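Just one chain follows, in the form predicted alone, and it is written as structure tokens.
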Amino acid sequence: MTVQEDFHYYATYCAAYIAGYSHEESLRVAYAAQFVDCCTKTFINKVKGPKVAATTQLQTELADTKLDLAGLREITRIWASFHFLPGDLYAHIPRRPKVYMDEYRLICNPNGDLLVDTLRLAKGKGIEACGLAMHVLADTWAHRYFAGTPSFVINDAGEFYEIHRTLDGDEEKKIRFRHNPVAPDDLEKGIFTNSINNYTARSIMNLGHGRAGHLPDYSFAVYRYVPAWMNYEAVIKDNPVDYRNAFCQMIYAMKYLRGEHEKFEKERYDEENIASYSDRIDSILRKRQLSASEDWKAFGEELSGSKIPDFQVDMYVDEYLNAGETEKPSTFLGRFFTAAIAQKGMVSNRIYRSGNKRAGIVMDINTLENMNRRRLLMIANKTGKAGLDGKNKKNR
């Protein structure tokens, strides 16, 4: 179980159901949202899918990636597109060199123009694109203030203090970090795992929120820390507030994708439809626990009256493997791969057009689809099976 399976899978199911999706549709939305954390090149190789559709990287894959220009761009394309969506590609700080600004402009924040582009891109593209977009949206809140690129000057951080809010006021407790990746965080003792301090400008240790460990992934966490991008001045991250905004914004966004809103607008949150569940949702978000999966699952099953199965990463593998070459694009994984390629291309090319070459440039999804279409028609011609246009060789 991944750390954010509670929110990306179970909470996304709840938001989808409240937004008007059926139980079965909500499960597929939630699966696609969670699958963003599972669609590695290793997985894609197993099913013989398109490697360009990778939405995340295993630690072993990152370790094997060379930090030259090509490797750096590959890492940035994945992490900036799906987990650390940039909030402002045109941010400006006086008297800073371009190399610094290129990294600074990749800092993740909610309600940026790229979020609007992400939802517009997903509209009309089906359940898989919807779920993928919900992952991206949720992470703009969970991962805000960090950038999806290896960067010491942006992602490094100094001391962290957890803020415990009581009736008598806020109490701060210094967080202790260790570097054992297999040891669970100890919430009682305030001991968390983070990446090893590395002053190298482009070290993998300084990718995303590695220096903060899993603190951004815990909905209950409220903490003060000193990030490098703020010149090591204090910032307070209030996850319960941010995660509630994420949940309400997902509901609004999915209503937009379902056609209930003509356009997607920034800073709109569907508080109205959770009014009767407000206390329940807040209690889940603020409960101090390593995983809120069971609480979100129970809430979701009460909403729909149906059982929510545990997430199984291989659920749609057989469907994809058993499909013919011309049918693969219409399977769940096929449609997810298409949505992932489109999202990665859109974000990477927006970054490039802003004057920032950190993510390079990616083939446009329309160009790629035309290439696949020609390839599949060639297969259809050779086998006599129907191609994507519904015609077969004999009918031509």
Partner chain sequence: MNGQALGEMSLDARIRKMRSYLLYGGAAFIILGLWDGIKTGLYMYFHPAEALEEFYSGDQLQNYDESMYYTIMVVIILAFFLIFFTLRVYIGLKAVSVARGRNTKARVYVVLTVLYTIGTVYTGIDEILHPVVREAHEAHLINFIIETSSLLVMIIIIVSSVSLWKLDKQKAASQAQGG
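No experiment lies behind these values; they were computed from the predicted model shown. Positions refer to the first chain, counted from 1.
Heads up, the form predicted in complex with its partner chain isn't pictured, but that's what we're talking about next.
A.B. asks: Tell me, which of 240, 87, 210, 126 has a heavy atom within 4.5 angstroms of its partner chain in the predicted bound form?
C.D. replies: Residue within 4.5 Å of the partner: 87.
A.B. asks: Could you tell me which one of 234, 321, 313, 187 places a heavy atom within 4.5 Å of its partner chain in the predicted bound form?
C.D. replies: By the 4.5 Å heavy-atom cutoff, the listed residue in contact is 234.
A.B. asks: 288 to 296, 254 to 262, 304 to 312, 103 to 111: which one contacts its partner chain in the predicted bound form at 4.5 Å, heavy atom to heavy atom?
C.D. replies: Of the stretches listed, the one contacting the partner is 103 to 111.
A.B. asks: Just checking whether residue 159 would be counted as a contact of its partner chain in the predicted bound form - the rule being heavy atoms within 4.5 angstroms.
C.D. replies: Output for residue 159 is yes: heavy atoms within 4.5 Å of its partner chain.
A.B. asks: Since only the chain is shown here, I'm wondering whether residue 223 would be in contact with its partner chain in the predicted bound form (any heavy atom pair within 4.5 Å).
C.D. replies: Looking in the predicted bound form, residue contacts with its partner chain do not include residue 223, since no heavy atom lies within 4.5 Å.
A.B. asks: Is there any non-hydrogen atom of residue 163 lying within 4.5 Å of its partner chain in the predicted bound form?
C.D. replies: Residue-level check for residue 163: no, no contact with its partner chain.
A.B. asks: Could you tell me if residue 229 has a non-hydrogen atom within 4.5 Å of its partner chain in the predicted bound form?
C.D. replies: Yes.
A.B. asks: With its partner chain taken in the predicted bound form, which residues across 191 to 213 come within 4.5 angstroms through any non-hydrogen atom?
C.D. replies: The stretch 191 to 213, when checked against its partner chain in the predicted bound form, contributes only 199 at the 4.5 Å heavy-atom cut-off.
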